[in-house]
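Next up: just one chain, as structure tokens, the form predicted alone.
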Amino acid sequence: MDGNEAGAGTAGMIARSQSKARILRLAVAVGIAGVFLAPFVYLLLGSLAKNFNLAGTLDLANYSFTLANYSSLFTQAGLYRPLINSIIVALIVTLGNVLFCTLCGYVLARRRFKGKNLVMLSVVMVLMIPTHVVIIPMYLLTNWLGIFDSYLALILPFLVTPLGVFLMRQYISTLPADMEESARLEGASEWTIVWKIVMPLCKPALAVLSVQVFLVNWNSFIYPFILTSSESMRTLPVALALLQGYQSINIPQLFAASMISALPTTILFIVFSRRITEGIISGALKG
């Protein structure tokens, strides 16, 4: 065997080894994806099933397809209003966090003022407090302000979050200030600098913040349950919890409602997946 044949043999072994490694990685990735997707597929099949067996599980052997579970949610269970309430609350709170957290983060990252460190320390301290600790004070405060059982009670306390302020402050601190200084020398206002320079540079962080805030508020149950009392102000998670009867549960209908609840967050993640990945990677690299 000459040198060329030995080299070709070694290259072939390396190629076969790399091919096996790729197949193994693909198999592991497919297995992990299957584990995560299985509950979602089961939920989808359950939401379209005509009947479940007596044990309350999906009978795949006698499976039959129907859309009646979805239509009954709106014609019988009255899910229109909770769905609209959830959309309104989640969208406004998300937009509020994008705007106000960016402004707060910009001020804490770029401006110098007395007590700045104390303000930043208070933001970090609030991050450490479990959100459920403030449920009763928030209930009393909304009553005192006269906004209990209204959109204001569901939106106003959540327009700014300490996590959002901390995230935007950290991200803006890593951005070069040269462009802002140049714009300032050309007479641009602070609002113009934030709107036209800082916010476009913060798109990955804003995507992460938007998805996180939207998910939290879309799936929020305890605060809408405590801060509202009328059926017209229920959000989707509260309506889902109350969809179950005292002595019976319509499982296909419950699956359909859960599917409707999961759909917007799934679409949001698919649309912003690239931005989210960029934001996470950028945050990890910049520390």
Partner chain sequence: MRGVSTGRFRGSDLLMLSPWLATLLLFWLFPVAASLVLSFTDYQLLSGQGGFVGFDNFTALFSDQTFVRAVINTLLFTVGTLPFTIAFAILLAIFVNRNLPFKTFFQSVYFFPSIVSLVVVALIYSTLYARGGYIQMILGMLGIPYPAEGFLFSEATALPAIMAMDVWMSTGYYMLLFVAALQSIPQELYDAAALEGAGAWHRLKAITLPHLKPMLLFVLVLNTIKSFQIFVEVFVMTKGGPLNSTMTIVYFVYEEGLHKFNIGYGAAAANILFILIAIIAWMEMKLVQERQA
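Residue numbers count along the first chain shown, from 1. Note that the structure is predicted; figures quoted are calculated from it, not measured. Take the two forms, superpose them, and find the largest set of C-alpha atoms that agree within 1.5 Å; that set is the rigid core.
What comes next is about the form predicted together with the partner chain, which does not appear here.
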* To do: Given that the partner is absent here, state which listed stretch (130-138, 87-95, 197-205, 67-75) has heavy atoms within 4.5 Å of the partner chain in the predicted bound form.
  => 130-138
* Asked: Would Leu185 count as a contact of the partner chain in the predicted bound form, using a 4.5 angstroms cut-off between non-hydrogen atoms?
  -> no
* Would you check, heavy atoms only and a 4.5 Å threshold, whether Trp144 touches the partner chain in the predicted bound form? => yes
* **Non-hydrogen atom contact Arg110 with the partner chain in the predicted bound form at 4.5 angstroms** => yes
* Even though the partner chain is not shown here, does Ser17 get within 4.5 Å of it in the predicted bound form, heavy atoms only? -> no
* Asked: Since the partner is left out here, which residues of 16-41 would have a heavy atom within 4.5 Å of the partner chain in the predicted bound form?
  -> Arg22, Arg25, Leu26, Val28, Ala29, Val30, Ile32, Ala33, Val35, Phe36, Leu37, Pro39, Phe40
* **Rigid core superposition, Leu67 Cα moves 2 angstroms or more between this form and the one not shown** => no
* Core-aligned, is the CA shift for Leu43 between this form and the one not shown 2 angstroms or more? -> yes
* Answer yes if the Cα of Ala29 shifts by 2 angstroms or more between this form and the one not shown on a rigid-core superposition, and no otherwise. => yes
